[in-house]
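Given as structure tokens, the chain that follows is alone and in the form predicted on its own.
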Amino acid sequence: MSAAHIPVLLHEAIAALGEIHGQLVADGTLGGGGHTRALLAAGAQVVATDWDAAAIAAAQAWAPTYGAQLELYHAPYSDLPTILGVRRPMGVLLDLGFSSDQLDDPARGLSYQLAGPLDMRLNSTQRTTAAEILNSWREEALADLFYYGAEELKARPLARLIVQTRKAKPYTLTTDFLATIEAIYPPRLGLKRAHPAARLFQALRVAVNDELTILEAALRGCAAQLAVGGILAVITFQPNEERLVKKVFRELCVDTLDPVGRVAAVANFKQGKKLMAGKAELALNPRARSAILRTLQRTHE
């Protein structure tokens, strides 16, 4: 049985969005619905999306309680500007983590701790699976995936072993990939910290779903959609997400210069302070240990 889903940085995220009672707020990552229901409880008019059809289906059980206060859409968060149309939200929340239901479902293949198919797709209608990547990508591409996506120092020998292994037997199960990882990192050597499979599985999942491309489109599109005074709040969980959010937010907060270096246009965004989970939340929910909340506010048109 999966553990109950606990939304990360819940109070911090809701507080960061400011006064949202009666305001339009978009939640681009419905997931288990924790943040969405907190936004609704705060009196916001909420537009919620998720690329996972199962998340939308699960929300149908409680969504009628909120009537017209809640709109649900099966779509990636990069589609939010299109879904919103001419509407300008006072808040947008993107929680880039996964619900416990998703992580603890063996059929999704997201966890190295559970035996299941090497799938990892968030949207089951898309074609590429984790097994397809491991069985078809060139050695160099696999090495780049794990070096840049997981900061894996043994990316080249890992990629080489994957190519050798798949010649004898194609990858189909999470346990197949875990066995390859543990051949590079033998358990007998001792793994005092997090198992390397955690970040390697994560990097593979990001590639399967093209998550960084979608994230950048969402960040730029949602920032442009904000009403004046509106806030974009993003909760990241892994280094590549965090670096991308910092990069995009920094770029949006830089003044535009003319050819001779004079300010041609003042940036219409400002950043808020970085926030992380406190000791009380970490004791309740260890999955919050890598969570970082960053905010961006539109100051003027």
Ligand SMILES: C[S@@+](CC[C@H](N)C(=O)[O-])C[C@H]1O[C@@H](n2cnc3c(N)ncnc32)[C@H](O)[C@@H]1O
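The numbering used is simple: start at 1 and walk along the sequence shown. Nothing here was measured: the structure is a model prediction, and the numbers come from that model.
The protein also exists as the form predicted together with this ligand; that form is not presented, and the subsequent description refers to it.
*Asks:* Does the trio Gly34, Phe98 and Ile214 actually contact this ligand in the predicted complex, every residue with a heavy atom within 4.5 Å?
*Replies:* Spot residues vs this ligand: full contact, yes.
*Asks:* Check each of Thr180, Ser111, Asn135, Gln102 and return the one that places a heavy atom within 4.5 angstroms of this ligand in the predicted complex.
*Replies:* Of Thr180, Ser111, Asn135, Gln102, the residue with a heavy atom within 4.5 Å of this ligand in the predicted complex is Gln102.
*Asks:* Tell me, which of Ala130, Met90, Leu122, Ile162 has a heavy atom within 4.5 angstroms of this ligand in the predicted complex?
*Replies:* Contact with this ligand in the predicted complex is made by Leu122 alone.
*Asks:* In the predicted complex, which of the stretches 23-31, 242-250, 256-264, 272-280 has residues with heavy atoms within 4.5 Å of this ligand?
*Replies:* Among the listed stretches, the partner-contacting one is 23-31.
*Asks:* Is there any non-hydrogen atom of Gly149 lying within 4.5 Å of this ligand in the predicted complex?
*Replies:* Taking the distances in the predicted complex, the answer for Gly149 is no, it never comes within 4.5 Å of this ligand.
*Asks:* Does Ala75 reach this ligand in the predicted complex if we count a contact as any heavy atom within 4.5 Å?
*Replies:* Yes - in the predicted complex, heavy atoms of Ala75 and this ligand come within 4.5 Å of each other.
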